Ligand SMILES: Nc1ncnc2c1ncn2[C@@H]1O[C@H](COP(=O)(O)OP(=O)(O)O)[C@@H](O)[C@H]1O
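Here's a solo chain for you in structure tokens, the form predicted alone.
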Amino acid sequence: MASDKVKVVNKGGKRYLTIDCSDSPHGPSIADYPQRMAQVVEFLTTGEVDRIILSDVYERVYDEKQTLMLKEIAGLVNKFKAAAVWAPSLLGGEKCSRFLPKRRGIVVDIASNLLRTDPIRSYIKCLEAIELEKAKLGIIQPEYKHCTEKYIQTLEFLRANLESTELIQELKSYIRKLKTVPPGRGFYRSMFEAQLKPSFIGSRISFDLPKEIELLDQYKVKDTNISIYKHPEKIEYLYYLDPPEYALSPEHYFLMSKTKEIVSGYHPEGLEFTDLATSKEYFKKIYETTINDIARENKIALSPEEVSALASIVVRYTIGFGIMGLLLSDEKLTDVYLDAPLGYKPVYIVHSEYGPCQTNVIFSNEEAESIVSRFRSMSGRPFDEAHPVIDFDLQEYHTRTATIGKPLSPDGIGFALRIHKSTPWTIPQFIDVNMFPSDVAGLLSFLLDAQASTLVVGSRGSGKTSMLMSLMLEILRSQRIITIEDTLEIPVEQMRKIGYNICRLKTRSSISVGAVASEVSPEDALRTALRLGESVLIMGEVRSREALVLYEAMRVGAVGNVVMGTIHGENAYSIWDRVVNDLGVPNTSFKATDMCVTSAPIRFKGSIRRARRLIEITEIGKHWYEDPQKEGGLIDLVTYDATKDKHTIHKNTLYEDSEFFKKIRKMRGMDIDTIWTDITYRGKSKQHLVDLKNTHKIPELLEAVNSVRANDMYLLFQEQSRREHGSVVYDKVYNEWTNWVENQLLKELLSRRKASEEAKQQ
């Protein structure tokens, strides 16, 4: 096996013995090839490793337990050699000289030759030799008795040491069950069943499940099974992926590896792809043709479904982002963390239903470097010691990426990936997950309809951007919207698809080491937006100097339209303190804010689990001068009690203290009772959608495309009532609207679902 390429590689603090078996007559299997086992054991007699990888067209990875069993065998090889167990004195000495050649052959076999290639047969041969010699003691001539006993002592020494190894301990329990050891190397296949994976996959996936683990949930992401487990001794849940590429036949691995090898240098001339999805479809067809050709040449039978599945896997590791791409494709995840140094700890994710979870994926530095190269190419940003951050948006996966490297991250490359919902959150969806109740939903809807300048407030992970999206969907589709973001979190494309007219402005990264000089600053982008005509203005996040320009926009009402943005904070007062004292916005400008809508993650009764809740809606009054809190300038319209998980709308405040609602009464000619009725019925309409969704198990009813359509129809029925009656007859409008929802919108969705289920069955 001199042609084998043997090396030790350090990955994540673990030493891997890697053997390239591609040019060897012996395959990459310790279980099936005694020569391969002997090669590994021989290396372990002098080298220290934690895991073993044997590679050909695919890799066999042997874990630490399996490696330890082989290290124990290698230790015995060294021990027996040092003890010289085949020395004449240990085989009986001069008095048994006539027996020495045969005894030496047996002991050399047990302690060296067989021990390296087949330790089980070595042990069995030892037991047989002991039994035979003990039987001879009763009939052997007296002068040979002492030297035979000496030989038996040596055999017993070998037996005791062999039985001290885990491999032989496992064998003994196995024999007790089966009464005998099966012929061939079948036992090794059970003990040394390796994890298989294509050699071009860098990540390692563990499929070992701890004992007493509880399965909580299972679902599919693309072609990959996802399982959520609860471990009795872990705070976080376990998130396990089972991709199909880890359970294919050797022929399929061969086809994928050859395909990747053939197409790796293929670069079509004259073709330009506008997005990653288009290029994936193009290359998948190329890969399918290549796989078919290779299979035909090698007489490997494949069905069309198998060809498509194999091509999809190759796409994942060439055009896509491998295992990282699978994680980013799970719409139930909100964050993915790959912390430096890579290879030490599993990838961590945050699940929208189960919170923080540990995965069974260990990412490698090699794969990280490949992905960073892709990020650099896609973003046009540098990544080196002078620029140790790449901060940009991975549009296909609706993901904001933050990648760090040396010297900022002294332990190497790390990733933080924030996944945004591919479709905008809607107010009915928030009702459904208990973010706030329907009456608060009605108030939010009314405030947006009344063009309240609004700041959405909260800490990281509180749902600020999601809340902003849901409020944007309450804006009439007849209005034009301009968004300004440094990281593209608002699903503009999805909003365009459902009929919104949106102009998106992208500003310079907020992280200076990740910024590109040619990008426009947030304050310049905001000034530009104010010159782009009458529009609703949405500021993705207010961070620093752009606050001055944003408040100028609020003061002029962005030419009479809604102005909204998000900002980090705990409540309305903390936002005033930050905006005025830290960002330098004058009090007179801050008063241009009409509402602060604050959300927060709540740990009920100190639980380790978090739930998102809207915790207050605060009106910013206009008649104060120095400190809004001391002078009554912060007017609580909605408060939240975590002890009861209950929201309260302060109706008396709306009626008596709210300056904003006094303005609405004056500008719209609505008395306060009519305003409250409008709010109530808006909330009832949202709740009705939620109730129908839960009754008919049809979650798509609450998605943006249908929620916006339902909201538009509600407003159209209101407008029709004004024409017919001079004002809105709310009972009549609500009844007409519910009839439309149930007899048209719901029936359409149920019909589509039925057709989809029938198509799947066929």
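All residue numbers are counted from 1 along the displayed sequence. Given the structure is predicted, the values throughout are model-derived calculations rather than measurements.
Keep in mind that the form predicted in complex with the ligand is missing from the display, and what follows is about it.
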*Within 4.5 Å of the ligand in the predicted bound form: all of 425, 433 and 460, by heavy atom?*
yes
*Consider the chain as shown here, without its partner, and state which of 197, 682, 252, 464 has a heavy atom within 4.5 Å of the ligand in the predicted bound form.*
464
*Which of these residues, 103, 418, 508, 185, gets a heavy atom within 4.5 Å of the ligand in the predicted bound form?*
418
*Using heavy atoms and a 4.5 Å limit, would one call residue 401 a contact residue for the ligand in the predicted bound form?*
no
*Just to confirm, residue 334 within 4.5 Å of the ligand in the predicted bound form by heavy atoms?*
yes
*May I ask you to state whether residue 546 is within 4.5 Å of the ligand in the predicted bound form, using heavy atom distances?*
no
*the ligand contact at residue 612 in the predicted bound form, heavy atom, 4.5 Å*: yes
*asked:* Heavy atoms within 4.5 Å of the ligand in the predicted bound form: which stretch in 143-151, 84-92, 580-588, 465-473 meets that?
replied: 465-473
*Taking the ligand in the predicted bound form, which residues of 35-50 have any heavy atom within 4.5 Å of it?*
none
